[in-house]
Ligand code: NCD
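Next up is one chain by itself, shown in structure tokens, the form predicted on its own.
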């Protein structure tokens, strides 16, 4: 069997078979099979896992922290703001230091797109990408797929509309790789400034949100990433009216369709409160499943990498 990569930077680092095994593992973990400590992780000593988030995070960082502790591993929160990175040490030297201190794996979030790619050839330590710039966020996409399986959504032959800041969304980029692997198609929708410049095969793009919704079986809404725009976007003030997904719009289009969002939601912008409180919204189930999918990924990294 193909070994799990030592550096999980992007969805293309995994085969479809490996992803299916992660989904099976996450399902078992959610059903109550929880390995504890070094014995069940196949290690002589309790593994040590660190998080190093060079950008802010709530959901990803905390779900990894919970996943690490549920697996019985030792958790270290590496604070970059008080580390030697602030003295000019590069990321590789920092990771080597963690390695020689006995850390087995590090989850990294960075604002630099593609920064982790350099470590694939000769990894200083096992690495999971917790989101890098506008490149990818593979573990989020994997937990989204797990949530679809949990909800009985077979994406094969179906269409997902990704609505919002598709151009700057690392989650969107990971989904663009993942969904076609399982037979799904993607429609990108949003203001023209937020659409990808290059549209991959089996994907299409539109600035008409009603069209995107009508053509789709699953909606994946994204926030406008204002922090990645050099100036305030002209379309932002009218975004809810032009591109927002709300219960009235869905009812008008006669579409009862599952709605995903990676969080945080700007309520009253990309989604309205009524949709979030409806049975269509799966965002909270994504949050719940984030722990179990990340447990499955950590387990695979610590045992099979």
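Note that the coordinates shown come from a computational prediction; the quantities given were computed from them, not determined experimentally. Positions refer to the first chain, counted from 1.
Absent from the display: the form predicted in complex with this ligand. The rest refers to it.
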Next item on the list: Just give me the single entry in 218, 171, 187, 128 that has a non-hydrogen atom within 4.5 angstroms of this ligand in the model of the complex.
Entry: 171
Next item on the list: Report yes if any heavy atom of residue 268 sits within 4.5 Å of a heavy atom of this ligand in the model of the complex; otherwise report no.
Entry: no
Margin query: Can you tell me if residue 60 lies within 4.5 angstroms of this ligand in the model of the complex, counting non-hydrogen atoms only?
Written below: yes
Notebook entry, point to check: Applying a 4.5 Å heavy atom distance criterion, does residue 223 contact this ligand in the model of the complex?
Noted result: yes
Note to self: Check residue 109 for me: does it contact this ligand in the model of the complex (non-hydrogen atoms, 4.5 angstroms)?
What the structure shows: yes
Check: Of 256 to 264, 66 to 74, 240 to 248, 23 to 31, which is the one stretch near this ligand in the model of the complex, taking non-hydrogen atoms within 4.5 angstroms as near?
Finding: 256 to 264
Check: Can you name the residues of 124 to 148 that have a non-hydrogen atom within 4.5 angstroms of this ligand in the model of the complex?
Finding: 137, 140
